[in-house]
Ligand code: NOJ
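Next comes just one chain, in structure tokens: the form predicted alone.
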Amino acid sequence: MGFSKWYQNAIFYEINTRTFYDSNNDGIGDLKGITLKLDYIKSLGVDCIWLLPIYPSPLKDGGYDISDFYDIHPDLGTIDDFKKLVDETHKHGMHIIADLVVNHTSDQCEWFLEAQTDKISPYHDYYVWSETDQKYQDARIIFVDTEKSNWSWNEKAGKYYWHRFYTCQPDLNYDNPAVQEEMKNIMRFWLDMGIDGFRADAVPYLYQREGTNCENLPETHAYLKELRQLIDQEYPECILLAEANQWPHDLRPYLGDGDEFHMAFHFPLMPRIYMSVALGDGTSIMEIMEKTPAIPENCQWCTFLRNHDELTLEMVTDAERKFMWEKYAPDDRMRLNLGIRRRLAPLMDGNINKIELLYAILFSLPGTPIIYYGDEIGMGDNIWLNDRDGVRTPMQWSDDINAGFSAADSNRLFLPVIDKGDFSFHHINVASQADKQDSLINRLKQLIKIRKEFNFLSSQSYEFINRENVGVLSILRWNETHSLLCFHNLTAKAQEVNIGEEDYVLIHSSPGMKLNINPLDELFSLPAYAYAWIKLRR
């Protein structure tokens, strides 16, 4: 049987286990909790679940600071709970991938604890050390709000160690063959339990070379190709998804000749979707898509509106970043590093038509879309929580105690539920939307259904049309037998749209918006923030 490329026309769903569903009422979401909610996830039309880190960790960076790569954090359950989740996910006809943190460990990892006290330990060379903090000065600092240098002094070792992220996350030394093998063994350990692959975290930074910015180096690509080779030879139905926050031309090499990553996040597209709606002008979406290089036929872009991190504004101009901050993050607390720590719904002022419009744009463009847990119901955020925790609050299942997330005392919750304002769980929850045809969750389910029906929407064939009217993002999609016209009104007023064909049928449009389309008219009026997907009969 040939490789199925199941990931190319899928819907991914990103879950933060600790805040999804608490099965034992200790205030912390867990793996059993996800298992109990698989029917719900499947009902959305999801094909693959992506889990944020589930490993033992001091949790100084949401679990991305791993202290043991071969176990489950005790708060979340056991290895057996994980195996059960994987098995049940497969029984539901879905795939499941986990985060693989290749770049660094926690400073509480046994490897680092031994490395800093014993210079002849094999683990000492698992990390990057220096007598001086002046090496690799061309490497940028990623967490500009908190870190002043990529080097930190370690008293016990009497040397500096290298870290591209927080001080508590020393980078691994990939010039050491033992580290290369260790990471391969970690992959095998989890793949042997039946998971379907990994989202690999922070892959551009694995090697350091003087006189470079220490990103996207040839050595990094050579090693990542080895990881792909392992997957192809030993686990041929599994995938690797790259998290590389880079421009499309820098991202493209991570797909290699179809022999590196299967998928890569398309980071620069995301802020431009928000920018286009704010400006009522789709030019920035068209421009970034046209700067996106062709990819191998066995690869795929991963597209998204929001995730567990800040909405990154690294890949926009200074003027665009200033505009985005003023428009979407007027309060300083809403800003973090070079981004915005807010969820999708608050960014759209809770306007359900605007939220759906953004999904329609995302789904009409090439790639595999990811939905971040809670965004399907329009969950809010809490900008007063630390770092990025404000967009990781407990899932709002119902208007019961603690939003139906946990029966624990509210003081024991891993993070507080949102219980005030328009986005309070009393107003926004799964149960209250389930039976309302016009609710966000049911609109999104319908959109997912249509997206899957016309599976060529995930393909790389597309064309922007009617470009003279930048207020309407007009995209032509096709395969050998069908053509679909996707119109998206980015503005606050009705727009005239020219179909240019007489023989067509309206497939899908913004619910509750009266679209006066006469099948004999080539022109019709598209209301504010509405969309219409139209199938040409010819």
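Throughout, we count residues from 1 along the sequence that is shown. This structure is a prediction, so every number in the text was calculated from the model and none was measured.
From this point on, the text means the form predicted in complex with this ligand, which you will not see here.
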Practice prompt. Go through Asp389, Glu243, Glu215, Asp196 and name the one with a heavy atom inside 4.5 Å of this ligand in the predicted complex.
Written response: Glu243
Practice prompt. Check each of Trp247, Phe464, Trp325, Phe143 and return the one that places a heavy atom within 4.5 angstroms of this ligand in the predicted complex.
Written response: Phe143
Worksheet item: Within 4.5 Å of this ligand in the predicted complex, do we find a heavy atom from each of Ser398, Asp419 and Phe423?
Response: no
Item to complete: Work out which of the listed stretches, 222-230, 252-260, 206-214, 308-316, brings a heavy atom within 4.5 angstroms of this ligand in the predicted complex.
Response: 308-316
Item to complete: Would you check, heavy atoms only and a 4.5 Å threshold, whether His104 touches this ligand in the predicted complex?
Response: yes
Worksheet item: Can any non-hydrogen atom of Gln169 be found within 4.5 angstroms of this ligand in the predicted complex?
Response: yes
Practice prompt. Using a 4.5 Å heavy atom cut-off, state whether Glu356 contacts this ligand in the predicted complex.
Written response: no
Worksheet item: With the partner left out of view, is Asp61 within 4.5 angstroms of this ligand in the predicted complex by any non-hydrogen atom?
Response: yes
